[in-house]
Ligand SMILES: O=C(O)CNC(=O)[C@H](CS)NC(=O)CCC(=O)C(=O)O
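As a starting point, one isolated chain is supplied in structure tokens, in the form predicted alone.
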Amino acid sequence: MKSYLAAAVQMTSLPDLEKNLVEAETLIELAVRQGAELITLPENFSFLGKEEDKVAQADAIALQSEKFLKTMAQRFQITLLGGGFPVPVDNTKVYNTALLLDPNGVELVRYQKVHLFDVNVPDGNTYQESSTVMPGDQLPPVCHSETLGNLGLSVCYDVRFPELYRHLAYKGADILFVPAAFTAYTGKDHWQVLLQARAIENTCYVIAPAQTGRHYAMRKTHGHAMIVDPWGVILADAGDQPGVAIAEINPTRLEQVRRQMPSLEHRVFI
């Protein structure tokens, strides 16, 4: 593993596939120009609209999302995470799928989100992700990279389930991905502290690309795409506007924190 720059992209995705992919390309190029070698896109990067519209367009969204990710990875010679997009299961359900590609556009790993956001939020919004999404049935994978470190996948609501990240740490993760479309209401109180907790308790970097702003109707997201170091220090925060959060991933810092706070070695229960 070497030192390198990573980017967490922040978008305001809409119910418009083509427009979203144009925005994603612009922000990927912005991150590349700043030297990022690992770039991460948020959950719902290619489509964020009504659940019934997502299912109706799922075939096109899945096909174009995968094609887009492969093209971007190859064109810019980057490792690229598509943080979540629908892949059809049948005519009524999709998998919320995160996909990691290497600089040749070759799929490294994919993960189907296991924890679904079925929540009545106190701001009056009700979310029922399970109405259109089939939960994955496998723990997320760790991609072992000699140059970038060991990369562990997750998606959004997963961040509230620490056992998932302990599994990733047990499998050797150095970097935890948390691509999200966190609600504006819950995000203001929970987003940052959850990301810092996952980083601290697992002594890992956390890279969390995010959605921000108003997407349709009452759907608003919190923003603040972040990169957090293994001590819980926020290295980069994209604020509340579309953009990129970029920071160095440093193996020396990772080793230092794990030496100073060897909590993973002190585990009693696995």
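All residue numbers are counted from 1 along the displayed sequence. Quantities reported herein were computed from a predicted structural model and do not represent experimental measurements.
Although not depicted, the form predicted together with this ligand is the subject of the following passage.
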request  = Look up in the model of the complex whether residue 48 has a non-hydrogen atom within 4.5 angstroms of this ligand, and give yes or no.
outcome  = yes
ask   = Might residue 65 be said to contact this ligand in the model of the complex, defining contact as any heavy atom within 4.5 Å?
value = no
key: Contact test in the model of the complex: residue 113 vs this ligand, heavy atoms, 4.5 Å   = yes
task = Give a yes/no on whether residue 219 approaches this ligand to within 4.5 Å in the model of the complex, heavy atoms considered.
result = yes
task = Look at the stretches 141-149, 155-163, 70-78, 169-177 and give the one with heavy atoms within 4.5 Å of this ligand in the model of the complex.
result = 155-163
ask   = For 109-137: residues with a non-hydrogen atom within 4.5 angstroms of this ligand in the model of the complex?
value = 113, 117, 127, 129
